[in-house]
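A single chain comes next, written as structure tokens; it is the form predicted on its own.
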């Protein structure tokens, strides 16, 4: 009998190619019988991301996560086990959410929602997205998807990544301080690494013009929470990720002026799930035929 692979959805098991014994585990409760023999583990998405069970899989050869970020896995991954991420799966969902956050903040939709609840008719004119200069910091596939959705709104998009890519019009992070004073909106899509922790802190926020907007759909610690709170609303923020996370009840971010929070949901819209299922089906086909899996971020033995 073939060695088992753990998959999060029944339809992946139903579509597993010959030579693959797919066992369903959605992260709830204890792993199913035989999980200790698993050679490939597709980590469930969302709250069921059970990484603790990896320790009970001594035969494991590869781990597939469905998130683009994978820093949370490295500390529990045994030596010699390959790691693959979900790069590309969240591009559309995250880009939609990022643009929704920008529009909500620029057109003050939270205020209109509160006024509707209060049956209050109070018209006033708002900011706009058109003609805004938007910095996308951490420009990769998600950044490109955000840009594609912003350009029809008549924005100017400035691309920023860890290293400059002149042929692609991408600035390096060393240019950030020079670019911030002219930014109307800064969108953070960067992963959380030692280099990006606190990337946008007090010095960077101070460089932004009054009423600029910082949108974080990357990782919470990329933006210094204390520094943002110290701005007292001079710089606004729309945050799908926070530091700390989950954001505790009573944390000052909940009531901070000019701050709009959503609970880390950007990547998980209805668009994500069918794409993720198709991706895992293809990974299982590759596994069965001995082809290299897509999206390798750490090689195995």
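This one's a predicted model, so the numbers in the text were calculated from it and none came from an experiment. Residue numbers count along the first chain shown, from 1.
Omitted here: the form predicted in complex with another copy of the chain. The next part is about that form.
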(request) Tell me, out of 199, 129, 83, 207, which residue has a non-hydrogen atom within 4.5 angstroms of another copy of the chain in the model of the complex. (result) 129
(request) Heavy atom within 4.5 Å of another copy of the chain in the model of the complex: which of 148, 230, 174, 74 fits that? Just give me the one. (result) 148
(message) Only one of 97-105, 191-199, 176-184, 207-215 has heavy atoms within 4.5 Å of another copy of the chain in the model of the complex; I'd like to know which.
(response) 97-105
(message) Although the partner isn't part of this model, could you tell me whether residue 255 comes within 4.5 Å of another copy of the chain in the model of the complex, counting any heavy atom of the residue?
(response) yes
(message) So, residue 56 and another copy of the chain: in the model of the complex, are they within 4.5 Å at any heavy atom pair?
(response) no
(request) Answer yes if any heavy atom of residue 120 is within 4.5 Å of a heavy atom of another copy of the chain in the model of the complex; otherwise answer no. (result) yes
(request) Indicate whether another copy of the chain has at least one heavy atom within 4.5 Å of a heavy atom of residue 260 in the model of the complex. (result) yes
(message) For a quick check, can you give me the residues of 169-200 that have a heavy atom within 4.5 Å of another copy of the chain in the model of the complex?
(response) none
